[in-house]
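There is one chain below, alone, in C-alpha coordinates, taken in the form predicted on its own.
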(Lines give C-alpha, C1' and ligand atoms only; values in the text may rest on other atoms or scores of the structure.)
Protein backbone atom coordinates (compact mmCIF):
# COMPACT_ATOMS: atom_id res chain seq x y z
CA UNK A 1 0.00 0.00 0.00
CA UNK A 2 1.19 3.56 -0.67
CA UNK A 3 -0.21 6.90 0.43
CA UNK A 4 -0.60 9.73 -2.08
CA UNK A 5 -2.10 12.68 -0.23
CA UNK A 6 -5.55 11.66 0.96
CA UNK A 7 -5.66 8.70 -1.41
CA UNK A 8 -4.52 5.18 -0.63
CA UNK A 9 -3.46 3.11 -3.62
CA UNK A 10 -3.39 -0.68 -3.55
CA UNK A 11 -0.60 -1.25 -6.06
CA UNK A 12 -1.33 -4.98 -6.40
CA UNK A 13 -4.90 -4.19 -7.49
CA UNK A 14 -3.72 -1.37 -9.75
CA UNK A 15 -1.13 -3.64 -11.34
CA UNK A 16 -3.66 -6.40 -11.96
CA UNK A 17 -6.04 -3.86 -13.52
CA UNK A 18 -3.28 -2.54 -15.78
CA UNK A 19 -2.44 -6.09 -16.87
CA UNK A 20 -6.04 -6.84 -17.86
CA UNK A 21 -6.32 -3.50 -19.62
CA UNK A 22 -3.19 -4.27 -21.64
CA UNK A 23 -4.43 -7.76 -22.51
CA UNK A 24 -7.78 -6.32 -23.59
CA UNK A 25 -6.12 -3.79 -25.90
CA UNK A 26 -3.82 -6.44 -27.37
CA UNK A 27 -6.74 -8.79 -27.99
CA UNK A 28 -8.69 -6.03 -29.73
CA UNK A 29 -5.72 -4.98 -31.89
CA UNK A 30 -5.27 -8.60 -32.89
CA UNK A 31 -8.96 -8.86 -33.73
CA UNK A 32 -8.77 -5.71 -35.86
CA UNK A 33 -5.85 -7.24 -37.74
CA UNK A 34 -7.92 -10.37 -38.42
CA UNK A 35 -10.83 -8.20 -39.58
CA UNK A 36 -8.49 -6.46 -42.02
CA UNK A 37 -7.33 -9.83 -43.36
CA UNK A 38 -11.00 -10.77 -43.80
CA UNK A 39 -11.53 -7.52 -45.77
CA UNK A 40 -14.10 -6.16 -43.32
CA UNK A 41 -16.36 -9.22 -43.37
CA UNK A 42 -19.08 -8.68 -40.71
CA UNK A 43 -18.44 -12.19 -39.39
CA UNK A 44 -14.97 -11.02 -38.36
CA UNK A 45 -16.37 -8.68 -35.72
CA UNK A 46 -13.39 -7.43 -33.68
CA UNK A 47 -15.30 -7.09 -30.40
CA UNK A 48 -16.54 -10.69 -30.47
CA UNK A 49 -13.20 -12.04 -31.67
CA UNK A 50 -11.33 -10.16 -28.92
CA UNK A 51 -13.84 -11.22 -26.26
CA UNK A 52 -13.41 -14.96 -26.88
CA UNK A 53 -9.77 -15.35 -25.73
CA UNK A 54 -10.30 -12.88 -22.88
CA UNK A 55 -13.26 -14.88 -21.56
CA UNK A 56 -11.27 -18.11 -21.87
CA UNK A 57 -8.38 -16.52 -19.97
CA UNK A 58 -10.67 -15.19 -17.24
CA UNK A 59 -12.26 -18.62 -16.80
CA UNK A 60 -8.95 -20.50 -16.83
CA UNK A 61 -7.41 -18.16 -14.25
CA UNK A 62 -10.64 -18.02 -12.20
CA UNK A 63 -10.59 -14.24 -12.35
CA UNK A 64 -13.88 -12.58 -11.40
CA UNK A 65 -15.48 -9.78 -13.39
CA UNK A 66 -14.88 -7.46 -10.42
CA UNK A 67 -11.12 -8.11 -10.59
CA UNK A 68 -11.08 -7.69 -14.38
CA UNK A 69 -13.01 -4.42 -14.12
CA UNK A 70 -10.17 -2.82 -12.13
CA UNK A 71 -8.62 -2.24 -15.55
CA UNK A 72 -11.64 -2.57 -17.83
CA UNK A 73 -13.43 0.40 -16.26
CA UNK A 74 -11.15 2.71 -18.24
CA UNK A 75 -12.51 1.37 -21.52
CA UNK A 76 -16.04 1.45 -20.17
CA UNK A 77 -15.61 5.10 -19.18
CA UNK A 78 -14.29 5.95 -22.65
CA UNK A 79 -17.59 4.77 -24.16
CA UNK A 80 -19.13 8.01 -22.88
CA UNK A 81 -16.77 10.40 -24.76
CA UNK A 82 -16.90 8.11 -27.81
CA UNK A 83 -20.68 8.39 -27.85
CA UNK A 84 -20.49 12.17 -27.54
CA UNK A 85 -17.99 12.16 -30.42
CA UNK A 86 -20.77 10.94 -32.70
CA UNK A 87 -22.03 14.54 -32.67
CA UNK A 88 -19.37 15.38 -35.28
CA UNK A 89 -20.95 13.42 -38.19
CA UNK A 90 -24.35 14.59 -36.97
CA UNK A 91 -23.19 18.20 -37.31
CA UNK A 92 -21.84 17.52 -40.79
CA UNK A 93 -25.11 15.92 -41.91
CA UNK A 94 -27.55 17.92 -39.79
CA UNK A 95 -29.71 19.12 -42.70
CA UNK A 96 -30.27 15.58 -43.93
CA UNK A 97 -31.05 14.30 -40.44
CA UNK A 98 -33.45 17.19 -39.78
CA UNK A 99 -35.39 16.43 -42.98
CA UNK A 100 -36.06 12.87 -41.74
CA UNK A 101 -37.05 13.85 -38.20
CA UNK A 102 -40.67 12.63 -38.27
CA UNK A 103 -39.99 9.12 -39.61
CA UNK A 104 -37.07 8.85 -37.17
CA UNK A 105 -39.34 9.62 -34.19
CA UNK A 106 -41.84 6.98 -35.30
CA UNK A 107 -39.07 4.44 -35.90
CA UNK A 108 -37.52 5.25 -32.51
CA UNK A 109 -40.78 4.69 -30.63
CA UNK A 110 -41.52 1.43 -32.40
CA UNK A 111 -37.94 0.20 -32.19
CA UNK A 112 -37.44 1.06 -28.51
CA UNK A 113 -40.68 -0.60 -27.42
CA UNK A 114 -40.01 -3.67 -29.57
CA UNK A 115 -36.47 -4.04 -28.23
CA UNK A 116 -37.58 -4.00 -24.59
CA UNK A 117 -40.82 -5.95 -25.02
CA UNK A 118 -39.24 -8.72 -27.10
CA UNK A 119 -36.46 -9.15 -24.53
CA UNK A 120 -38.91 -9.37 -21.62
CA UNK A 121 -41.28 -11.77 -23.40
CA UNK A 122 -38.50 -14.05 -24.61
CA UNK A 123 -37.06 -14.10 -21.10
CA UNK A 124 -40.40 -15.09 -19.60
CA UNK A 125 -40.97 -17.71 -22.31
CA UNK A 126 -37.60 -19.32 -21.58
CA UNK A 127 -38.26 -19.38 -17.84
CA UNK A 128 -35.73 -16.74 -16.78
CA UNK A 129 -36.02 -15.36 -13.27
CA UNK A 130 -37.12 -11.77 -12.67
CA UNK A 131 -33.61 -10.51 -11.96
CA UNK A 132 -32.34 -11.90 -15.27
CA UNK A 133 -35.27 -10.39 -17.17
CA UNK A 134 -34.57 -7.02 -15.59
CA UNK A 135 -30.96 -7.36 -16.72
CA UNK A 136 -32.08 -8.31 -20.24
CA UNK A 137 -34.62 -5.52 -20.77
CA UNK A 138 -32.13 -2.72 -21.71
CA UNK A 139 -30.02 -4.98 -23.99
CA UNK A 140 -30.33 -2.69 -27.04
CA UNK A 141 -28.91 0.38 -25.28
CA UNK A 142 -25.22 1.30 -25.25
CA UNK A 143 -23.35 -0.30 -22.34
CA UNK A 144 -22.92 2.57 -19.80
CA UNK A 145 -26.58 3.58 -20.07
CA UNK A 146 -27.82 -0.03 -20.09
CA UNK A 147 -25.89 -0.86 -16.93
CA UNK A 148 -27.32 2.21 -15.20
CA UNK A 149 -30.86 1.25 -16.23
CA UNK A 150 -30.36 -2.33 -15.04
CA UNK A 151 -29.19 -1.11 -11.64
CA UNK A 152 -32.18 1.23 -11.41
CA UNK A 153 -34.77 -1.49 -12.12
CA UNK A 154 -33.15 -4.20 -10.00
CA UNK A 155 -31.11 -6.07 -12.59
CA UNK A 156 -27.47 -7.15 -12.57
CA UNK A 157 -25.32 -4.56 -14.41
CA UNK A 158 -22.53 -7.03 -15.23
CA UNK A 159 -25.05 -9.44 -16.76
CA UNK A 160 -26.61 -6.58 -18.69
CA UNK A 161 -23.20 -5.72 -20.14
CA UNK A 162 -22.92 -9.28 -21.47
CA UNK A 163 -26.41 -9.10 -23.01
CA UNK A 164 -25.55 -5.75 -24.62
CA UNK A 165 -22.40 -7.17 -26.22
CA UNK A 166 -24.24 -10.22 -27.54
CA UNK A 167 -27.03 -8.06 -28.94
CA UNK A 168 -24.60 -5.68 -30.61
CA UNK A 169 -22.57 -8.54 -32.04
CA UNK A 170 -25.59 -10.26 -33.55
CA UNK A 171 -26.82 -6.98 -35.02
CA UNK A 172 -23.44 -6.06 -36.49
CA UNK A 173 -22.99 -9.51 -38.05
CA UNK A 174 -26.53 -10.18 -39.28
CA UNK A 175 -27.90 -6.67 -39.86
CA UNK A 176 -26.82 -6.13 -43.48
CA UNK A 177 -27.92 -9.61 -44.55
CA UNK A 178 -31.32 -9.11 -42.90
CA UNK A 179 -31.84 -5.75 -44.60
CA UNK A 180 -30.99 -7.31 -47.95
CA UNK A 181 -33.40 -10.17 -47.25
CA UNK A 182 -36.36 -7.89 -46.52
CA UNK A 183 -35.47 -5.41 -49.26
CA UNK A 184 -34.46 -2.36 -47.18
CA UNK A 185 -32.01 -0.41 -49.34
CA UNK A 186 -32.18 3.14 -47.95
CA UNK A 187 -28.94 3.67 -46.05
CA UNK A 188 -30.62 6.11 -43.68
CA UNK A 189 -33.18 3.49 -42.66
CA UNK A 190 -30.57 0.75 -42.42
CA UNK A 191 -28.33 2.91 -40.26
CA UNK A 192 -31.12 4.07 -37.97
CA UNK A 193 -32.33 0.50 -37.45
CA UNK A 194 -28.80 -0.63 -36.59
CA UNK A 195 -28.44 2.15 -34.02
CA UNK A 196 -31.74 1.36 -32.29
CA UNK A 197 -31.26 -2.41 -32.24
CA UNK A 198 -27.50 -2.86 -31.96
CA UNK A 199 -26.19 0.36 -30.28
CA UNK A 200 -22.44 1.03 -30.57
CA UNK A 201 -21.39 -2.16 -32.33
CA UNK A 202 -24.14 -1.69 -34.90
CA UNK A 203 -23.11 1.93 -35.34
CA UNK A 204 -19.47 0.97 -35.89
CA UNK A 205 -20.59 -1.47 -38.57
CA UNK A 206 -22.84 1.18 -40.15
CA UNK A 207 -19.90 3.58 -40.44
CA UNK A 208 -17.99 0.87 -42.28
CA UNK A 209 -20.80 0.82 -44.84
CA UNK A 210 -21.11 4.60 -45.32
CA UNK A 211 -20.91 7.92 -43.49
CA UNK A 212 -24.64 8.42 -44.10
CA UNK A 213 -25.61 5.09 -42.52
CA UNK A 214 -23.23 5.69 -39.62
CA UNK A 215 -24.62 9.16 -38.95
CA UNK A 216 -28.19 7.94 -38.73
CA UNK A 217 -27.09 4.97 -36.63
CA UNK A 218 -25.31 7.27 -34.18
CA UNK A 219 -28.41 9.46 -33.87
CA UNK A 220 -30.56 6.39 -33.26
CA UNK A 221 -28.19 5.01 -30.63
CA UNK A 222 -28.18 8.30 -28.72
CA UNK A 223 -31.95 8.81 -28.92
CA UNK A 224 -32.70 5.21 -27.96
CA UNK A 225 -30.40 5.49 -24.96
CA UNK A 226 -32.15 8.64 -23.77
CA UNK A 227 -35.66 7.29 -24.39
CA UNK A 228 -35.00 3.96 -22.70
CA UNK A 229 -33.27 5.57 -19.72
CA UNK A 230 -36.20 7.93 -19.19
CA UNK A 231 -39.14 5.60 -19.71
CA UNK A 232 -38.08 2.03 -18.89
CA UNK A 233 -37.56 2.59 -15.12
CA UNK A 234 -40.93 4.43 -14.94
CA UNK A 235 -42.77 1.71 -16.85
CA UNK A 236 -41.12 -1.04 -14.82
CA UNK A 237 -42.10 0.68 -11.57
CA UNK A 238 -45.66 1.13 -12.83
CA UNK A 239 -46.15 -2.50 -13.86
CA UNK A 240 -44.24 -3.89 -10.88
CA UNK A 241 -46.77 -2.27 -8.59
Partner chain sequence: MTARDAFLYALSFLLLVACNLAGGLIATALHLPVPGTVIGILILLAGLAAHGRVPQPIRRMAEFLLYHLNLFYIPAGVGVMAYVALVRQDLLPIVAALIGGTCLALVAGALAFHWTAKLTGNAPDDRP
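Numbering follows the first chain given and starts at 1. These numbers come from a predicted model, not from an experiment. We call the rigid core whatever largest set of C-alpha positions still superposes within 1.5 Å between the two forms.
Missing here is the form predicted together with its partner chain; even so, the following discussion is about that form.
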#### Entry: Partner proximity in the predicted complex: residue 33 to its partner chain, non-hydrogen atom cutoff 4.5 Å
no
### Proximity of residue 197 to its partner chain in the predicted complex, heavy atoms at 4.5 Å
yes
### Task
Mark residue 155 yes when one of its heavy atoms lies within 4.5 Å of a heavy atom of its partner chain in the predicted complex, and no otherwise.
no
### Task
May I ask you to check whether residue 19 falls inside a 4.5 Å heavy atom distance of its partner chain in the predicted complex?
no
### Stretch 130-144: residues contacting its partner chain in the predicted complex, 4.5 Å heavy atom cut-off
132, 136, 139, 142, 143, 144
### residue 148 C-alpha relocation of at least 2 Å between the shown form and the other one, rigid core basis
no
### Message
My question is whether residue 118 is one of the residues whose C-alpha shifts by 2 Å or more between the shown form and the other one, given a fit on the rigid core.
### Response
no
### Message
Using a rigid core superposition, assess whether residue 93 undergoes a CA shift of 2 Å or more between the shown form and the other one.
### Response
yes
### Message
Please check whether, in the predicted complex, the CA atoms of residue 90 and residue 227 lie closer or farther apart than here, given a change of 3 Å or more.
### Response
closer
### Query
in the predicted complex, do the Cα atoms of residue 229 and residue 90 sit closer or farther apart than here, given a shift of 3 Å or more?
closer
